[in-house]
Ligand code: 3EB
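Take a look at this one chain, the form predicted on its own, written out in structure tokens.
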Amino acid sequence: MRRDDQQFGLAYLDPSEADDYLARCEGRVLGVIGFGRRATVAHATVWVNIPVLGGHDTCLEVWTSDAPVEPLAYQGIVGASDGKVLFASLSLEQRAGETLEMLAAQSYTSIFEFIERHGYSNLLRVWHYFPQINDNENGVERYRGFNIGRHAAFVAGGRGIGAASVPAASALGSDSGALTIYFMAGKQPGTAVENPRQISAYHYPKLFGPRSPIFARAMSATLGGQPGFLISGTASIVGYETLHRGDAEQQAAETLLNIRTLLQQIPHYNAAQGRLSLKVYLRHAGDLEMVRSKVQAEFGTACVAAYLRSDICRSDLLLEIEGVYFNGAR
């Protein structure tokens, strides 16, 4: 796997690679998130119970800075900052009598307090994982309940719901465990980017729940002195409707078209010189080879991609892809 260990960036590693990589990045590690089977790895603060596909049992998502970092912790949230960007995580177990809506509101209230306390008030990117994402809870799909709680926290925190204030984000189903969230925030704001093929998620009609999802399709931001582009979870959606229900191959093609359309919004995009990393979630593991071949055909073998088995936020979606692009030398 590519190792841009002297730059601000992202690497997907298996445990056999991690110790050496983390040693080279000592003092500059913002965060390590583990997926799949647990392994003993330095700096790993979050584990998500999502199976890893493609021959590995474990995948480590490693974020590093080009500058020294300092640890941060407050009321159950732990992370690190490099003076310009903060990266942190939290996990909340759902106890008897609690709903996911309640946990979402609680977690976002804590996140807003955390980033304001440390002076990184601009939320850039948020990742969410929780089990039974498509199941019913108190008459509402759990993902839709999550959106209600998130919306309530934005309103209570005095944050607007529009292009100037929403982060890039994704929400996926884990096999078990807590509501797990990790996020990136900056001292300077990023610029939200929308897909001209899609309706902004925060403008979805009530067909998709009492409160719309709160995220931008992508976020452009300066990270480590270089232009970065954080792509939200992207799927086979045009306008606000799911296309190609039941057809994973067509959904993969539509999803990649949406990713391509987002990348084309970047003034600095250069496929030959930039660094593109993707995280691909598949509802059915049997679709791996087909989807992987399409990803490689679209972006080439230089694109680093991790593949995970996960339920998607809509029950009629069979895959979702998120990404990170840096316009820096490899």
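Small disclaimer: the values here were computed from a predicted structure and weren't measured. Note that residue numbering begins at 1 and tracks the sequence as displayed.
The form predicted in complex with 3-(2-carboxyethyl)benzoic acid (3EB) exists for this protein as well; it is not shown, and the discussion that follows is about that form.
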Out of 87, 154, 120, 143, which one falls within 4.5 Å of 3-(2-carboxyethyl)benzoic acid (3EB) in the predicted bound form, going by heavy atoms? 143
Within 4.5 Å of 3-(2-carboxyethyl)benzoic acid (3EB) in the predicted bound form, heavy atoms considered, which of 22, 313, 306, 11? 313
In the predicted bound form, segment of 94-102, 249-257, 231-239, 77-85 with a heavy atom within 4.5 Å of 3-(2-carboxyethyl)benzoic acid (3EB): 231-239
Evaluate residue 204 for contact with 3-(2-carboxyethyl)benzoic acid (3EB) in the predicted bound form, applying a 4.5 angstroms cut-off between non-hydrogen atoms, and reply yes or no. yes
Would you classify residue 174 as touching 3-(2-carboxyethyl)benzoic acid (3EB) in the predicted bound form, given a 4.5 Å non-hydrogen atom cut-off? no
Any chance residue 213 has a heavy atom within 4.5 Å of 3-(2-carboxyethyl)benzoic acid (3EB) in the predicted bound form? yes
With the cut-off set at 4.5 Å between non-hydrogen atoms, does residue 169 touch 3-(2-carboxyethyl)benzoic acid (3EB) in the predicted bound form? yes
Could you list the residues in 114-135 that come within 4.5 Å of 3-(2-carboxyethyl)benzoic acid (3EB) in the predicted bound form, counting only heavy atoms and keeping sequence order? 128
